[in-house]
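Only one chain is shown below, in structure tokens, and it's the form predicted alone.
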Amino acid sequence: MTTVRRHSPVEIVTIGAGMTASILAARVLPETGHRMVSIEQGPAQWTYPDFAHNHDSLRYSQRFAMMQDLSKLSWTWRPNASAPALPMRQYGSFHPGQGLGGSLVHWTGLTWRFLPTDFKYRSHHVERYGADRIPAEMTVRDWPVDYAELEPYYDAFEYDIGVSGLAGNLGGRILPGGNPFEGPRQRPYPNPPMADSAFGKLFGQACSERDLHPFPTPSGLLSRGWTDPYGNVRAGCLYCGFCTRFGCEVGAKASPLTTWLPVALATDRYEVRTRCHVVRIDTATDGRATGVTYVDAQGGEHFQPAEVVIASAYSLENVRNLLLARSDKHPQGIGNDRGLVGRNYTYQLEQTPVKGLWENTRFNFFMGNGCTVPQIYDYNGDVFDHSDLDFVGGAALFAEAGQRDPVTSVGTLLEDLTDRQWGAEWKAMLGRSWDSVGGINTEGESPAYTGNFCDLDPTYTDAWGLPLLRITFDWMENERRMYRFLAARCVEIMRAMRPDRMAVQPELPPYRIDEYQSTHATGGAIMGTDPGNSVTNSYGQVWDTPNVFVTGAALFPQNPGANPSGTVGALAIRTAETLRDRYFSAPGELLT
């Protein structure tokens, strides 16, 4: 007979110990007497000694040492509801991480604010272009918060992590060199921008020649030494080029390890239990959550009672944990009384429509990362007129960044630039050209559709016998048209960069889960204005189970053309302050 260990009750338990959980702990605990426990499936890890000299491409980029063990937990995918779904058993479309600090430990560092129109997506497009511009199957929505309401939280997040960047809109005043299309900000970035790479400078010059508006990428990497608002002292970036999928050995890359966890742990009222996997959100007969059940590394089963349960894992796992929490009161899972959990699942249009080869030119692509190249927003969101176009949406365009290493770049570097991808001639050219090939990338919108959604797979289960999450997703005609337009703009810029050879992918290929694109899976537990159109309110509080909250990108109604981390962080600070200042004085009530 299995004995379940019951722990002492706490005010808050989180599923996962990543960025949003650590923000909650750092913002809630110091000013209260509350206790909080995070259940983390990965190991404990710290800048020192765990990330000292970790420049091991084989271990981190090829064998994914910091990522989730897909033999225990994965997801299934199918392109449409008529196709069979199969489990993802190798790292492909996205790279879900695990371990103390979560994905922000191995992220690249791009720290965006969404555009003001992103928050009013449906109403803005209907007002500007008419209701018939939005396809009938497209389920895009307005967010329940707007840019102005979220701006103070963007500001707080950027100062917490010391973002390096150049403001483009300071209090409504457009500043030279910054992003002229961003929403107004109350103060400049806390640190100056990172230096541009050689290839980034070439891209920036070509954009300026075409009267476009290149600006430095806002970065979660420090451009100089920095002491954050909590008193943590951090070093500036070395431009070593080992960022994505790696921990930072000097702490220049912001993460929960550098910023929020030290503050939370110093209270002695925050505990993280690593190598433990949550198998169930438990509920009482009245439907309220009572805590979580989890399994430790030795297979022991535990119950952690809590007044509030926070689903703060990766987006896909947050959705799955809600769906798995079935009971008499919630027969289809927590938050799913109206069948909305899993809806509005979206992704991100990350592609390289064009790349060039500059013979006898070296760009030092091994240095820097995605934060050391300029971007343009001239074709993102609705900053350009879509009146004569056959799609909605857009993308940021940016030069290929650094982090190139021999182990991971050989396979596709010369694809479409040479007649064949094998043989002595190809090898010789690869040797000559390894540092001479660069592309232009898109980071584009992913609108929500009726036909793209997540549910529980009826066939495949995880290592604990629980159903995997099934993803039904493919690009739709709007994205194919949008990509065609963006690819043509990338080619125009590339021609201005004057390569010796050029390879173009003019059409968007079908979505494939075996090819990495981004880890920006969003939606599935979206926020909204009422239970009829959403799973949670604007604080991530689940409508039908008010003592369960969701954090992270699962809350997004659709995905704009930018990395989600900045908005995820801003929303988490807003939720943390509301929990601290309002929720516990009236526990269980819906926040307004």
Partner chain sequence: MRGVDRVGAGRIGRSWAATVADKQTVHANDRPGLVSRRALLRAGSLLGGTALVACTSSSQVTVPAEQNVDAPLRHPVPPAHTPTGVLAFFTEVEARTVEAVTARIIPGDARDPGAREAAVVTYIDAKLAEFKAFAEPTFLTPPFAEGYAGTPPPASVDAVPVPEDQLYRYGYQSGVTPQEAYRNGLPGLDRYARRRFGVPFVELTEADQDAVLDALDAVQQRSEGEQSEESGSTPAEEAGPARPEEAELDAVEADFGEVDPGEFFTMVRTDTIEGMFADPAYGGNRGLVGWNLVGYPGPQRAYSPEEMLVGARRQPQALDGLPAMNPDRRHQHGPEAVEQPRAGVRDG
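Residue numbers count along the first chain shown, from 1. Quick caveat: nothing in here was measured; it's all calculated off a predicted structure.
From this point on, the text means the form predicted in complex with the partner chain, which you will not see here.
Which one of Gly394, Pro374, Gly368, Gly291 is close to the partner chain in the predicted bound form, taking close to mean a heavy atom within 4.5 Å?
Only one listed residue qualifies here, and that residue is Gly368.
Name the single residue among Ala198, Leu324, Leu357, Ala206 that comes within 4.5 Å of the partner chain in the predicted bound form, judging by heavy atoms.
That would be Ala198.
Even though the partner chain is not shown here, does Asp50 get within 4.5 Å of it in the predicted bound form, heavy atoms only?
Yes - in the predicted bound form, heavy atoms of Asp50 and the partner chain come within 4.5 Å of each other.
Taking the partner chain as it sits in the predicted bound form, is Val383 in contact with it (heavy atom to heavy atom, 4.5 Å or less)?
Because no heavy atom of Val383 falls inside 4.5 Å of the partner chain in the predicted bound form, the answer is no.
In the predicted bound form, Glu127 touching the partner chain (heavy atom, 4.5 Å)
Flag for Glu127 set to no.
With the partner left out of view, is Asp56 within 4.5 angstroms of the partner chain in the predicted bound form by any non-hydrogen atom?
Residue-level check for Asp56: yes, a contact with the partner chain.
Does the partner chain come within 4.5 Å of a heavy atom in each of Gly287, Gly465 and Leu579 in the predicted bound form?
Checking in the predicted bound form: none of Gly287, Gly465 and Leu579 is within 4.5 Å of the partner chain.
Only one of these stretches, 164-172, 345-353, 75-83, 485-493, has heavy atoms within 4.5 Å of the partner chain in the predicted bound form; which one is it?
The contacting stretch here is 75-83.
Using a 4.5 Å heavy atom cutoff, which residues in 457-478 contact the partner chain in the predicted bound form? It's fine if the answer is none.
Residues within 4.5 Å: Thr459, Tyr460, Thr461, Leu468, Asp474.
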